[in-house]
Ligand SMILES: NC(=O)c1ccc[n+]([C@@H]2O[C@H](COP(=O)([O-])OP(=O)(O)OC[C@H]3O[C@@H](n4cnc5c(N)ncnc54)[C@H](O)[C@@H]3O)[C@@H](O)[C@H]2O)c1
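Here you get one chain, nothing else, as structure tokens; it is the form predicted alone.
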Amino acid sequence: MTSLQGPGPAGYDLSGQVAVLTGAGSGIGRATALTLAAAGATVVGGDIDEAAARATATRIDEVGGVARGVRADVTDREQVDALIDGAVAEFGHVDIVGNIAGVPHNKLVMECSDEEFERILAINLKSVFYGCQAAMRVMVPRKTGNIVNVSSGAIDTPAPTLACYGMTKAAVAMLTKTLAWEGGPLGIRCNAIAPGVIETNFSRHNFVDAQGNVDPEKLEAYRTRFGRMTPLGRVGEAQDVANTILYLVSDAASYMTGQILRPNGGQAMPW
């Protein structure tokens, strides 16, 4: 993004709205922060990497938007509450909450330790629950708001080593559907996205060398291998997912709640 654009097509103008996003320092979270800001939203981005969160906010500020970047450990309920309460304190209200932060996990069921299991539950599931609770607390009095949770394509296609990761993301999908029923009568929509293979730091372990540097050959192999799994013939980009989130929080999706949208290139096509 080189500059903030105008409100865009009718229904996608987020002017006057305040969005709180977790995982805003990189990948899908950063792309979403930039995209919602370009649509006119004020963005408060939290990330456990405070410098990365601030860098995202600075980028938005540089091109004419309004943003804040703060440190937030999403496994700590108090920090999630503080992230959202801080946005209300500074800007008066919160209209959008995106529970985006998450981590990958690849290990066979029989090899997963209790510590690993608890960690993946804390980051990928409990944090989303905390974010939904905090969002509802500030949205219910105003009888308006949008919540978007990040699930995963792993809920559609089981695979070895993805049990713990897939379990947390399937739980996020059910949490989303339940909250849609609870929030709907109160004017609050809740939807989820289940991305396919997206080339971000989240998938970086697939294409780096032993020192953590990007290996061009591994990267090309990654793109080729996973691209072949989709009718569109490519892996996704963070912007593909950010565009879907923009749609869900916009008035263009005003009659959508409890849905799981899949920016996945056609990798999975459930009914």
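None of the values given here were measured: they were computed from a predicted structure. Throughout, we count residues from 1 along the sequence that is shown.
The protein also exists as the form predicted in complex with the named molecule; that form is not presented, and the subsequent description refers to it.
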Can you work out which of Val148, Ile84, Ala101, Leu179 has a heavy atom no more than 4.5 Å from the named molecule in the model of the complex?
Ala101
Hey, in the model of the complex, is Phe226 touching the named molecule, heavy atoms inside 4.5 Å?
no
Would you classify Leu246 as touching the named molecule in the model of the complex, given a 4.5 Å non-hydrogen atom cut-off?
no
Distance check, Phe207 to the named molecule in the model of the complex, heavy atom within 4.5 Å:
no
Do Asp215 and the named molecule come within 4.5 Å of each other in the model of the complex, heavy atoms counted?
no
Which of 130-138, 183-191, 90-98, 73-81 lies within 4.5 Å of the named molecule in the model of the complex, heavy atoms considered? The stretch 73-81
Within 192-214, which residues come within 4.5 Å of the named molecule in the model of the complex, counting heavy atoms only?
Pro195, Gly196, Val197, Ile198, Thr200, Asn201, Phe202, Ser203
